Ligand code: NDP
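Shown here is one chain on its own, the form predicted on its own, set out as structure tokens.
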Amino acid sequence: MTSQTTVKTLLILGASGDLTGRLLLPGLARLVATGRAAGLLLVGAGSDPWSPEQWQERVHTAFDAAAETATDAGRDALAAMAKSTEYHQADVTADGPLAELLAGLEGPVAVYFALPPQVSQKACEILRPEQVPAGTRLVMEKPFGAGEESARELNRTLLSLVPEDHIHRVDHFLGKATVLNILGLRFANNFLEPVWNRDHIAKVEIIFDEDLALEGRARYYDGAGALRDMIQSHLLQIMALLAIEPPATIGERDLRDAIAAVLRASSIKPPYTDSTRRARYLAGSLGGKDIPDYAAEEGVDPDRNTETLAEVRVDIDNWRWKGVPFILRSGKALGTKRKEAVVTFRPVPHLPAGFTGRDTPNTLRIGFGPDTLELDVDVNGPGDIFSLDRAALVAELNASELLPYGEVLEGVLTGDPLLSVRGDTAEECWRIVEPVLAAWAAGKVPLEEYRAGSGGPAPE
């Protein structure tokens, strides 16, 4: 049973890093401003020798946007947190400093590892169970491990410190509103669920195309690439949500059991020259800005052949989805920003003679951030009533008032692991992509190229 003990202290490790300033603190600010983190103490820790004033300045700056739109009570809550916050210089990979820090904080404590994965793993390996106070929550960023075996080893380490429902492997890409919008669409509409299967759906595409280039992230990205960075962690989770069997409840156990079942049935089948593509961007123009070759970006090692675009076909070998391709694609420096899932239905088996015009399969588009819905249908066109035309039924889905990291943090603080990736699921995601990574590393799939600002490599 999931514990619902409210966290008293949020300890951010890597407090002086980019993730904390750019995403974590603004997400926390919106949460605090809405009154959902009352009495929470914020503590930062990092290897940089920051003064208390430097840390408070970072917190104030990150809180500014939320304060502008907050109520008086929200602004007061933000000011109180910024005033009471602390910063500690500490090497969390050394034996002692993290345990000493935990011992001095009011519990329960949520420890957010806003650190490179290998640093987080080392910090956890050094901790001993008796050094972790009861109720402590451990919050891990993706990628979780570097492969299936390292993910399994990290799971063993974490489970020696805290129980599974106190481990939050965060996926900020899937906010609570997005998850519930997908589930509501799937299971609350009787016209849709009966056709949500291989008999009526031809293919499902899940696309995350970014109109941003490397943006100074070579230190992380060049060792990861698009397949590890986006598909292994984020897009496989969206695929699983779209493909799950109806759970008995949307409680974390039923929902995460259903997700795990889909991923266990999933694989990317060889030959990988047919089921996968990888590409890297060349110099081009993006939003009026000149973009250099990826290989020429500062901090990039060209010999790694890191892909900036990855596309894979995943097969789900179960009764519902056998034979339906799930196409997952993510790329950087593309001309159009695109975050959506596209469900293409099979064409009607017979169109009565006499109709003219369009006769194309129906498509359902689910947009992410903002969450939108667009159903393309064929209807009688204007003028000639026998001529079919395409019409789009469009809706904007309900959004959360929180930022994605605010939704993640709310789950952490209240002890709700619904949005966290379960340990077995993290391992399954690596199992699915590891054979592809090995084939790519061995040069068995060519590294294609595309111009920055284009639509990606030419279609096959």
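On a predicted model such as this, the values are computed, not experimentally measured, just so you know. Residue positions are given as counts along the sequence shown, with the first one as 1.
Although not depicted, the form predicted in complex with this ligand is the subject of the following passage.
J.: Okay, which stretch from 342-350, 309-317, 284-292, 108-116 lines this ligand in the predicted bound form, with non-hydrogen atoms inside 4.5 Å?
T.: It is the stretch 108-116.
J.: Counting only non-hydrogen atoms and a 4.5 angstroms cut-off, does Asp91 reach this ligand in the predicted bound form?
T.: Although this ligand is absent here, Asp91 would touch it in the predicted bound form, with heavy atoms inside 4.5 Å.
J.: Given that the partner is absent here, does Gly46 sit within 4.5 Å of this ligand in the predicted bound form, heavy atoms only?
T.: Contact with this ligand, yes.
J.: With a cut-off of 4.5 Å between heavy atoms, is Tyr405 one of the residues that contacts this ligand in the predicted bound form?
T.: Taking the distances in the predicted bound form, the answer for Tyr405 is yes, it comes within 4.5 Å of this ligand.
J.: According to a 4.5 angstroms non-hydrogen atom cut-off, is Asp371 in contact with this ligand in the predicted bound form?
T.: Contact check for Asp371: no, nothing within 4.5 Å of this ligand in the predicted bound form.
J.: Check Thr273, Lys322 and Arg431: does every one of them have a heavy atom within 4.5 Å of this ligand in the predicted bound form?
T.: No.
J.: With this ligand left out of view, which of Arg228, Lys142, Arg329, His166 would have a heavy atom within 4.5 Å of it in the predicted bound form?
T.: Selected option: Lys142.
J.: Using a 4.5 Å cut on heavy atoms, which of Lys176, Arg217, Arg253, Arg75 is close to this ligand in the predicted bound form?
T.: When this ligand is considered in the predicted bound form, the option within 4.5 Å is Arg217.
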